[in-house]
Each structure stands twice: as C-alpha cells, then as structure tokens.
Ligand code: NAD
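A single chain, nothing else alongside it, follows as structure tokens in the form predicted alone.
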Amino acid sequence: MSANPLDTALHSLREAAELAGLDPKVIELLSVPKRTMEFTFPMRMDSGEVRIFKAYRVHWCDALGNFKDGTRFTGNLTLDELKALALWMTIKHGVGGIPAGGGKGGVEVDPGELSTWELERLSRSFMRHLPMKGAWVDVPGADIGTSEQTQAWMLDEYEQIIGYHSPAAVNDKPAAVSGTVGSAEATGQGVYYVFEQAVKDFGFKEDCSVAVQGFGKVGAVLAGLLYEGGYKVVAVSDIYGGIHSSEGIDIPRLQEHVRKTGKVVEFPGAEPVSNEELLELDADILVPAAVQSVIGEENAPRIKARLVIEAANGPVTPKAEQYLLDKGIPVIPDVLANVGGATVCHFERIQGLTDEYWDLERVNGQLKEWILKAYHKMLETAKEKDSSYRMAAWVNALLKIEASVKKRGWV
C-alpha cells in the first residue's frame, strides 16, 4: 500500500463499506469528492513584487450537512493530501455525530517566509477568492500553518464582502472575534479524554509511560494534560527532532524551553532522539500527533508500544496497522481520537448562529460527553463486527451517511 494519504483513506473506505454492507451506489458516491476547486490569486509582497499563489478547496460529501473545516498554508500542499483529509473529515463528522460534511483546503505557501502583513493579505485573499463560502455553505477552519489570527482575518474579510456580521462563517476564531473558548486546545483535549478512558478499558496503570510524536497544536496540549494527569511522558518531538527521558519529562519546563528556543531539542536532562526513533521507544502508549504515514511497513515490526492512539490524521498505513493488530497492538483511529477539534468547531458554529456564548466548563463538558459517546459506540461495533476499532468507527459513520444519502434520493 502506498504512503499516499488518499490511498490510505480510500482503503479504509472500501474495507469498512464491505463490512457495513453498504449499497454499491453509495460506495461509488463516496469514493470521489463531490467538488474539487483549484484556483490562483495574485498578491503584492512587501517588496512590491507580485506573486501568484495556488489554492485549493475540496468538498467530499455533504449528506449530513454543509461543508466545513481545515485550511492549510504549507509549501508542500498536494491535491491528493487535501482529498484524503476531506474524506477523513466527512467520516469524522459521522463518527462524532456532527451534522456536517467534510471539507479541506489551503494555499501552497510556506507561512514562515511571510511577514505578518503578507500573512494577513494572504488570508484575506484566500477568503476573497474562495469560490464557495458562508455559514450554510462551507466554513473554513484552521489547520497546519493557520491559526486563530488567520481565521479572524478571514472572517473579517468575508464580513466586509457581504456587508454584515456572520460569525458562523469561519471556524477556529479567537473568542474576541465571536469564536469559542477552548477552540485552540480542543483536538488535544479530545485525545486526552479518549486516552483516559482507554487507559481504564485496556488495563494500563495510572502512571503508564507515553511517547508523543509532535509538539504542535495537538501534541503540546496533550502532553501538558498527560503530565497534569499523572502520566509519565517519556518522549516528545517536533520537526527539529525529539527528546527522551525514561524518568519522565517535566512538560511545563519543556513548554517554557520551547517558548524561548522554538524547539524541544536540547532540553536539559533529556537525551536526543529522532522522530523515527521515538516511534520505536519502549513506551506503554504511543501517540503519533504530527503528520500522516509515519508508521509504515518498514518500521511497524519495531513498534514496542502496547497501544497506539492516532492524534494525527492517517499516521498509520493500512499494512502497518494490520501488522500491529497481528502483534496484539490495538490502534485507536484518528477519525475518533482527534475528532475533538471538529466537535468544538460544531459548538463554535452553534454559538455563532445563536449569539449565545459558552464558558470553558460547558465547552469541555460537552466535548467529553460527545467524544466518549462516539468512543463507546466504536467499542460496541468492534465487538459486534469482530473488527478493528478503525473499521468500527468507519462503519458507524458510513451507516449514518448512507441513511441520509438514501433519504435524500441521491441513489
């Protein structure tokens, strides 16, 4: 199986569809995106030079509701990557009980090369040129290379275009711009709720060891929560490399180190370790929280963890997962474990549409209730179907989507 994320996503779709007994016409419908948009726009740089940027937006399936989420600003962006992410988002919404379809998009750019003013112009230009948008059409959220600030600029640009306020038209905004509290931490917070429950269900000790690959928006939040919860975080990494300490890492001190240096490497009292080596450490639980396809056929035989929880999108390839399962290493899939961000985006949209804004206790309380309901449904289906947890989560989502597709008369 190729490490192409679209191949990975479609492999899961076909396998789960067969397990669910899906109508062949529904499978055909879900095997391709409903709509793919590729567009360009010019932008004047601070130097006075005009650059042409390539942008994309993929709509996969909107049987459950309007498209939403995910906008990436990365230099290596590909259409296949965005198609995979849009399909995964479609399934995540189904898994999480969220009435929405899957969308993903972005701009081919390295945001680290842009000034603050250029990043603002890029964010506004993307929103201005995006062919379809609006609270009931397509709601862009943040992802790699984007942030609360880029989303605030996007919302402001959209509202300038339409001439009135529409806070539900963009997700992952700061609370000061009609966003929701807890949005930035939502994905990591959701993974933590799943982690806590899995520790109980799989019989791990309360101070079990954890390796977290990735110390960005998700991994850093998760590592902090794990530390506060009394778990032993023995390794973390970012794009520059990783660190390891069998005694456990002081995450608050590490977070301060990262604020000062911009990276986790050279943290006092820890040994250096590469991202590849981190995956193979002797930890009870492994949490890939960076990018897709980091565990493949080559390194799967060297994984020593007794449980893998996917905080990133598609970090384990299908053949690698089968190897892990054959070794008795369960995998809690991305479409369940990291659905917290999509769930809180749904809460954000509710708040924007009603002008009733929630406090953090309500946001996190609702998030925990929603994600654990989906988690227990996944376990129930896995037992009923004698399947992996990934297939169980996908089956649960696909059956919801199929029911809507048929009632709508699409097939």
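Numbers follow the displayed sequence, beginning with 1. In this text, rigid core is short for the largest set of C-alphas that superpose within 1.5 Å between two forms. Everything quoted here is computed from the prediction, not taken from an experiment.
The next section is about a form of this same protein that is not shown, the form predicted in complex with this ligand.
Among residues of the shown chain, residue 93 is not one whose heavy atoms approach this ligand to within 4.5 Å in the predicted complex.
Although the partner is absent here, residue 217 is a contact residue: one of its heavy atoms lies within 4.5 angstroms of this ligand in the predicted complex. In the predicted complex, residue 120 stays away from this ligand, with no heavy atom inside 4.5 Å. Within this chain, residue 175 is remote from the site of this ligand in the predicted complex, having no heavy atom within 4.5 Å. Checked against this ligand in the predicted complex, the residues 166, 245, 275, 147 give one hit for a heavy atom within 4.5 Å, which is 275. 290 is the sole member of 210, 316, 139, 290 with a non-hydrogen atom lying within 4.5 angstroms of this ligand in the predicted complex. Here the chain stands alone, but in the predicted complex its contact with this ligand, taken as any heavy atom within 4.5 Å, falls in 282-290 among 282-290, 74-82, 195-203, 131-139. Within 4.5 angstroms of this ligand in the predicted complex, the stretch 302-317 places a non-hydrogen atom from each of 311, 312, 313, taken in sequence order. Once both forms are fitted on their rigid core, the CA atom of residue 185 lies less than 2 Å apart between this form and the one not shown.
Remark: with the core as the superposition reference, the CA shift of residue 81 between this form and the one not shown reaches 2 Å or more.
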